[in-house]
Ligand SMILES: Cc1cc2nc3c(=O)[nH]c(=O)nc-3n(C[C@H](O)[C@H](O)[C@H](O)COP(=O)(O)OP(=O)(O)OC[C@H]3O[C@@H](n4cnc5c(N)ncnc54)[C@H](O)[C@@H]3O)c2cc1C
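As a starting point, one isolated chain is supplied in structure tokens, in the form predicted on its own.
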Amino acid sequence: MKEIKKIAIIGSGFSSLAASCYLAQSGHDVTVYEKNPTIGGRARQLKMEGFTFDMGPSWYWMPDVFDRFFADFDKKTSDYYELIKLSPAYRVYYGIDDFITIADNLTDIIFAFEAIEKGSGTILNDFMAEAKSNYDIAIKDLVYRPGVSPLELITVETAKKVGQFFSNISKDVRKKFKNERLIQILEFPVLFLGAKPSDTPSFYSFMNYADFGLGTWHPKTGMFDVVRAMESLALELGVKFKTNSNIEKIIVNNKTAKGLLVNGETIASDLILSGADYHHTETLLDQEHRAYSEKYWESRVFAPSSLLFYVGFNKKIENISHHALFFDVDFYQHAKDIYDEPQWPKEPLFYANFPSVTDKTAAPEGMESGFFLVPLAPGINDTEALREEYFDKIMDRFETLTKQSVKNNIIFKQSFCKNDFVSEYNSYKGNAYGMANTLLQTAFLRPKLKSKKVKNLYFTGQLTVPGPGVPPALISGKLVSELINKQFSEQ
């Protein structure tokens, strides 16, 4: 008879939730410890004054990854939540009465490209065929490998595409397209990977297939529907959840993880899995048990932090779509302000999301909920004065570009920035998305799922494999669970 192991999971983000389900399915006694009052990690929900906001992830891409997760438990996503395909997927603003609408299907997107740059429609069609090929290799195979060995990347299919690992998205796109706006739209999806397009290998064009090929979706009442679904599944499988449970120390004896110090109480466990920030988790260990030095973390390229605003308006907002990107300023200067010369951007790009356009429960009747995001350099100085200054900057531009007055219609506003990412999520330098997927931070070159120094200590989430994003988080939870089960089967 298989021995049941007591497993403690730190954090309740997507990767932890996924791992808890897989480990409970294998028969283990699993408890999830969350420092905050509610579960979900960065995907928590904010409810205030009749408005509802997803506090973190707001794009539902790669629906096949979610389907694959639930199928592993003989379930379907539709057993837990309803998906709506957004039409249009999103809109990109460049100026007053100057925007590009991204449709919910590739045929219309090809027509839109052709109307802007003659001949680009055919080029886009070919580009997307290559992107789909990369998607099939990456998402259906490569990302489901645990980053243990460089040999994981060597397959018949990747051998044919080796050149794509040594060129980059920016260079590749510019060879094919001349119009700067089309180039920016094609470079945009890799920002989800946390790095500049010029630092992201060409192979990652699979993100363009995720965008144009698979489309942009929305769970009926927001991304928190996915958190609820995974929690429901976990509870069905016997997982226990403990909120308001701050982890003070990982207890190690004879180089083996033995338990946790939680709110002053020692809790014994056979194995510890952390879905919390990797760097922070290692600070819960004595120095000799840490696998990565401070110098190592300082040398890594981290994804941006973000300045977020959750805003309630007492009227419906005009000339908007569910998702909107505001690229009316210099795209590349803002990237430099994040990665090359870290500073608050003089002219910030920003993203706006109006969930109440699709979901009537997101705001009281006749009102609108708005989520605004400005990418920032991790580790940047964060003050209330700067937050307010930048809110005024983006709202002035928003009013101009959408030709309406909205500032006097704000009845609720809450900000969230670098300091909050640190205090709420113990995020290294307040990063919002994890460690960037550059060539030298891909697959086996990322921090390991299994501790190199402490037995029975494992990690999952966006600082390890496969990388940033919600779908990769689900995959990370699966990968680490497989490693844990393999260890137990060999004992």
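Being a predicted model, the structure only gives us computed values, none of them experimental. Position 1 is the first residue in the sequence shown; the rest follow in order.
In what follows, reference is made to the form predicted in complex with this ligand, a form of this protein that is not presented.
Chemist: Given that the partner is absent here, state which listed stretch (23 to 31, 45 to 53, 461 to 469, 447 to 455) has heavy atoms within 4.5 Å of this ligand in the predicted complex.
Modeler: Looking at the other structure, the answer is 461 to 469.
Chemist: Here the chain is shown alone; which of Leu349, Leu271, Ile247, Ala324 has a heavy atom within 4.5 Å of this ligand in the predicted complex?
Modeler: That would be Ile247.
Chemist: According to a 4.5 angstroms non-hydrogen atom cut-off, is Ser12 in contact with this ligand in the predicted complex?
Modeler: Flag for Ser12 set to yes.
Chemist: Is there a heavy atom of Asn36 lying 4.5 Å or less from a heavy atom of this ligand in the predicted complex?
Modeler: Although this ligand is absent here, Asn36 would touch it in the predicted complex, with heavy atoms inside 4.5 Å.
Chemist: I'd like to know if Glu424 sits close to this ligand in the predicted complex, meaning any non-hydrogen atom pair within 4.5 angstroms.
Modeler: Close contact exists here: in the predicted complex, Glu424 approaches this ligand to within 4.5 Å, heavy atoms only.
Chemist: May I ask you to check whether His280 falls inside a 4.5 Å heavy atom distance of this ligand in the predicted complex?
Modeler: Looking in the predicted complex, residue contacts with this ligand include His280, since a heavy atom lies within 4.5 Å.
Chemist: Taking heavy atoms and a 4.5 Å limit, what residues of 49 to 77 are near this ligand in the predicted complex?
Modeler: Result: Met55, Gly56, Pro57, Ser58, Trp59.
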